[in-house]
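A single chain, nothing else alongside it, follows as structure tokens in the form predicted alone.
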């Protein structure tokens, strides 16, 4: 018997959680439930995180969290509990299976069966943003080697455990050569350890178009956070309905399981909501707990119910569906089908086993790190890069000289184009003329010179080489 934490959530949450628990317990799930309160009531009681310290303690003690959708109140500085939970508990892997149920649920892609594995903790979702000038704000995109290695290895191990044939990586490393480039590089490195599994890489834009048009070309897809967030919803929708999809959030210590849809407060209390998304999350929870026999029984009973045409309002279609039912009645129909298998839809057979375990990340030996220059960002309301260069050159220190100015990443000095539109946010790159390194004291002197000349510096970014290889982007057009 495994103790799990359960939160019934807001809106339709309590109804679909009741239905989900009823089904998995009837199937023989060996779980003990410890319930906590999270979401709207906690937010409105004055807790901007939507969860109390006591609830955190319970989640961390039980390690497994089954959560219904919650409502985050508008305004007031309330933080997304989903994002907070994923980061606090180190739930680095978001797993979303997307399988079509043709012909019982309408879809243009009748043989679609893909799993999207999304990095869950970093990328632009680090949420580090600043306004730097009147016209420009920035959001830092953070990609780490540990983050890449953990999520890519998880994707290959998932494919191995579930007998998937191919893992595809989506990035935009033709543009973001450092961040997305690292993700792609790590993918290629780890793929070599799994020669029995086919691997490939697609640029995200054409890859997304291909997935939307021909999803049967893919099997397991692994992506950085933002791309995975967008495309997992797209994939779920083109299977037939976002309301049918569940999600697993897996970390080294804890795991959270949920539906991918929201709390739908307008449907609350009407016994009409489809519990399938949360049920799919619960099935993934059971496989995570090693209760694969129960997970298999529930999944096949659910498929049989869909195949029987017993549908809730959201997927009910005249001529295909046979009976429109409410939340409770749908749960009862699934329970009645426990022990049965579908005849047209492919039944599932989960290999007997325990939780998918990955090795703990081991930090590699540090590279030789050398400071070779600095980008100084300047707030200036003028429009002539040549005029700005004359001003900024007064910051030069010994042989550390201005080498380039960019605006929104585009080189505007030297040899810029007058047609290039410029904002008030300028990157001024300083490098030693002799090609050697610089010191932190040199940067301090550059900034002191800027202060003397009344140049408004807003940030600096040190330029490094690792093992002699420059580790920073060129200006566009350089």
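If you're wondering where the values come from, they're calculated on a predicted model, not measured in any experiment. Residue numbers count along the first chain shown, from 1.
The form predicted in complex with a small molecule is left out here; the points below concern that form.
One stretch from 155-163, 197-205, 261-269, 279-287 that, in the model of the complex, holds residues within 4.5 Å of the small molecule by heavy atom: Heavy-atom contact with the partner occurs in 261-269.
Residue 446, heavy atom within 4.5 angstroms of the small molecule in the model of the complex: Residue 446: no contact with the small molecule in the model of the complex.
Contact label in the model of the complex: residue 222 to the small molecule, heavy atom within 4.5 Å: Looking in the model of the complex, residue contacts with the small molecule do not include residue 222, since no heavy atom lies within 4.5 Å.
Distance check, residue 72 to the small molecule in the model of the complex, heavy atom within 4.5 Å: Within the cut-off, so yes.
Contact test in the model of the complex: residue 314 vs the small molecule, heavy atoms, 4.5 Å: Residue-level check for residue 314: yes, a contact with the small molecule.
Residue (of 82, 179, 299, 107) lying close to the small molecule in the model of the complex, criterion heavy atoms within 4.5 Å: Contact check passes for 82.
Heavy atom within 4.5 Å of the small molecule in the model of the complex - residue from 239, 120, 305, 274: By the 4.5 Å criterion, the partner-contacting residue is 274.
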